[in-house]
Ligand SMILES: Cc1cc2nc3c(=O)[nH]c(=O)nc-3n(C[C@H](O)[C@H](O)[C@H](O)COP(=O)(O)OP(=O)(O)OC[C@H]3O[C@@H](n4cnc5c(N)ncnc54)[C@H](O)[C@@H]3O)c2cc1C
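Have a look below at one chain only, the form predicted on its own, in C-alpha cells format.
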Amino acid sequence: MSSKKLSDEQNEFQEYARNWLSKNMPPPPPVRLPISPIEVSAVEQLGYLQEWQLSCYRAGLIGCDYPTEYGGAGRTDCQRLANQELGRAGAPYFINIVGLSMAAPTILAHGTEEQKRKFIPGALSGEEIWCQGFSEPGAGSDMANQQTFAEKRGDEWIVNGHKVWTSLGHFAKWMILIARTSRHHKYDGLSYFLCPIEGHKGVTVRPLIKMTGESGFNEVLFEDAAIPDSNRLDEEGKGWTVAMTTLTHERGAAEGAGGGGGGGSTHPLEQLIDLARKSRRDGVCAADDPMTRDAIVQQAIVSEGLRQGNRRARVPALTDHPMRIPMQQKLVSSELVQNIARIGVDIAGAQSTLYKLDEKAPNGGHWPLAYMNSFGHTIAAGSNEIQRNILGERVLGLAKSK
C-alpha cells in the first residue's frame, strides 16, 4: 500500500516509528547472534534480545493493534507499518517469536477474558518466552496423530508424553500445547493448553544439537505434569480448531503482534548480490557470469511474487479461499530461503566450506550456516510435502492422498 492510502493515524505512526528507530537502535550485541531467534542458545544472546524487545514494546512498536486492556497500543492496522520500519532499519529480530506470532494471536482469538489479561502482556514484552508443543517423535507433520495424553483429574489435567523440535524450549516459561484428551476421536479428541514449562514439576527439557552446532531445538518430556483446567484454551475437544488458528498465523496469514527486524542485516537477496559482486569465478566477477545472474534473477522474481502475494492477502475481494495465500506464502518463502542460501554456497565455492569461526569465511560463514538452517524452514509449520497435499486437496479439489 502506498503512503498516499494511509490514514492520518497510520501516517503519524509511521513517522513516529521511523524517528524512534533512528534514535534508539541498540549497540552491537556482546556475542554473535544466530541467523534467526530459534537458534538462540546463550544467555548473553537472550538478555540482549529480551532488552531490545522490551524497549520496542515500551515504545509501542509491538502489539500495536492489540487492545490496551491486554497490553497493546490500541491502534488500527499499524503493526504492519511497525514491522516494515523495523525491517527497513535493519533492527535485531525479536526473541519471543512463538509468543508474538503464535501464542498471542491464538489467545486473543480463543482465550477467556482472564487468559487474555494474564498471558498476552508478557508475550508482547518478551519478559515471558513461549515455545510450541505440536511436533512429536512418532507423529511427524501429522498433527492429528498426537499421542501426548492429558487426563482430567479434578480441576487439573495430568499430562504424559513427548514433544520434539521445540524451539526456545530451554528459555521458555510457557508452551502452547496440543494433547489428546480422548482416544476415541481423532480430531475431536484433541485439546489445547497453556502449559507452564520453566521449573514446572514433571516437565524435562533436553537440548538437541543440530548439524550447525547450535542447540535452539529441544525435546520436552511430560511425566505426570499437572496443568490447571483454567489454562485450557477454548473447549475440551476443540484443540484441532484452535491449532488451525495458530498454524494460520505461523504461516504468515497476519502481521502478528510484532514482526521484528532482520537480525541487523540486509535482505538475503541483497546479500547474495553483494556476494556475487565481490566473488570471482574462472577469473571473472561472479556477478558477470550469465548462469549466476540468471539464478539470482529467478529468486528476485519469486521474491517479488511473495511481496505481491502479501499485498493480495490484505484485499478481501481477492481472497477466494482462506487457506490458499498463507499456505502458498509459507511453501514458496521457505524454498526461496533455501534457494538463496544454496546459490550463495555455489558462488562462494570452496570458501563455503569455511565455518563461521574462520576469519576467511565469506560473510562470516553465513552461507553454509544459512543453507543448513534452511531445511528447518521447509519442515516447520507442517512440512512442504504436507503443505502441497493440503493445497491440492482442499484448495484445488484434487483426490486425497493415500
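Since this is a predicted model, take the numbers as computed values, not measurements. Note that residue numbering begins at 1 and tracks the sequence as displayed.
Here the subject shifts to the form predicted in complex with this ligand, a form of this protein not shown in this document.
When this ligand is superposed onto this form from its pose in the predicted bound form, three or more of its atoms come within 2.4 Å of a backbone or C-beta atom, and the site is therefore classed as blocked. Checked against this ligand in the predicted bound form, the candidates I340, L33, A348, I38 yield a single residue with a heavy atom inside 4.5 Å, and that residue is I38. In summary, among the residues T106, Q79, S191, S135, the only one with a non-hydrogen atom within 4.5 Å of this ligand in the predicted bound form is S135. Note that among 316 to 324, 238 to 246, 298 to 306, 127 to 135, the stretch whose heavy atoms approach this ligand to within 4.5 Å in the predicted bound form is 127 to 135.
This ligand in the predicted bound form is not approached by L21, whose heavy atoms all lie more than 4.5 angstroms from it.
In the predicted bound form, this ligand lies within 4.5 Å of some heavy atom of N389. This ligand in the predicted bound form is not approached by S101, whose heavy atoms all lie more than 4.5 angstroms from it. None of the heavy atoms of F171 is located within 4.5 Å of this ligand in the predicted bound form. In the predicted bound form, G376 is the single residue of 345 to 378 with at least one heavy atom within 4.5 Å of this ligand.
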